[in-house]
Ligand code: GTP
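To begin, one chain is listed below as C-alpha cells, in the form predicted alone.
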C-alpha cells in the first residue's frame, strides 16, 4: 500500500446534524461508493471541555470561542437533554482523502455553500448570531453540520486528538505507534507515574500509543519542553471514560 492509499482525514458529524436527523444523509454522501474512501475508525463521543478546547485551540481568545465550545459539546442543540450531547467521529482513508472530503463538505459558511455549491453537506447548515449577556451582537457562528480536516497536517493532529491507535485496525495505522514502558496518570492538569486516588490512567505499561504521544508524555513527566500540550495528548485517552462537567 503506497502513501497515497493511506492518506486519512477526520470527519465529525456535529450535534446540529444529529439534532436534524442528517446523519444518514452525511454518511451516504461520504460513502465508499461516492468517494472511494474507506472507514478506518468510528466512534460516538461525549465531547469533554478538554477535547473541545484542544480541537479548536487555534481559535482561543476569539470572541466566538466560548460559543464554539458549547456548540461542539452539544450544549446549544441539546440544552435540556444532556444525555444526547455527542458527535460522531470518523476516520476516512484512501487516495486524496482530505481533498475529497473537503469538496463534498463544501464552504465553511452555509450561506456561501448554498450559493457556490448547492447540494453540498454544509448547504444545509445555518449561521447563528452570537450575543453577549446584554444582548449586544458580537458576530456570527457557523453551525455547518460537519468538520473535515483542512490538510494532511491538520488531519494528523486531529486524528491523534480523537483516536487511540486501538480505535483503528493495525493495518490502517497511518502514523507510528509504540508500546508504553511506563504508567502515566493524569489529574487536574498534572501528569505523574504513580497511582493515587482520583488520578486517571492515561496509558499503562504494555498499552499501545501513538509514538508522538509517548514522546510528549515522557517530556511532560520530566518537565522538559514538549511540542504539544499535555491536554492534546491526554484528551483522547479519556474519551467516554471520564465525564467532565
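Residue numbers count along the first chain shown, from 1. Please read these numbers as outputs of a predicted model, since none were measured by experiment.
Below: the form predicted together with guanosine-5'-triphosphate (GTP), not depicted.
A residue is said to contact a partner when one of its heavy atoms sits within 4.5 Å of a partner heavy atom; residue 153 fails this definition for guanosine-5'-triphosphate (GTP) in the model of the complex, lying far away. Of the heavy atoms in residue 195, none are within 4.5 Å of guanosine-5'-triphosphate (GTP) in the model of the complex. At a distance threshold of 4.5 angstroms between non-hydrogen atoms, residue 98 is out of contact with guanosine-5'-triphosphate (GTP) in the model of the complex.
Put simply, residue 142 is close to guanosine-5'-triphosphate (GTP) in the model of the complex: some heavy atom of it is within 4.5 Å. Contact with guanosine-5'-triphosphate (GTP) in the model of the complex, defined as any heavy atom within 4.5 Å, is confined among 31-39, 216-224, 196-204, 57-65 to 57-65.
Interface residue among 147, 173, 86, 77, judged by heavy atoms within 4.5 Å of guanosine-5'-triphosphate (GTP) in the model of the complex: 147.
Within 4.5 angstroms of guanosine-5'-triphosphate (GTP) in the model of the complex, the stretch 91-129 places a non-hydrogen atom from each of 102, 108, 122, taken in sequence order.
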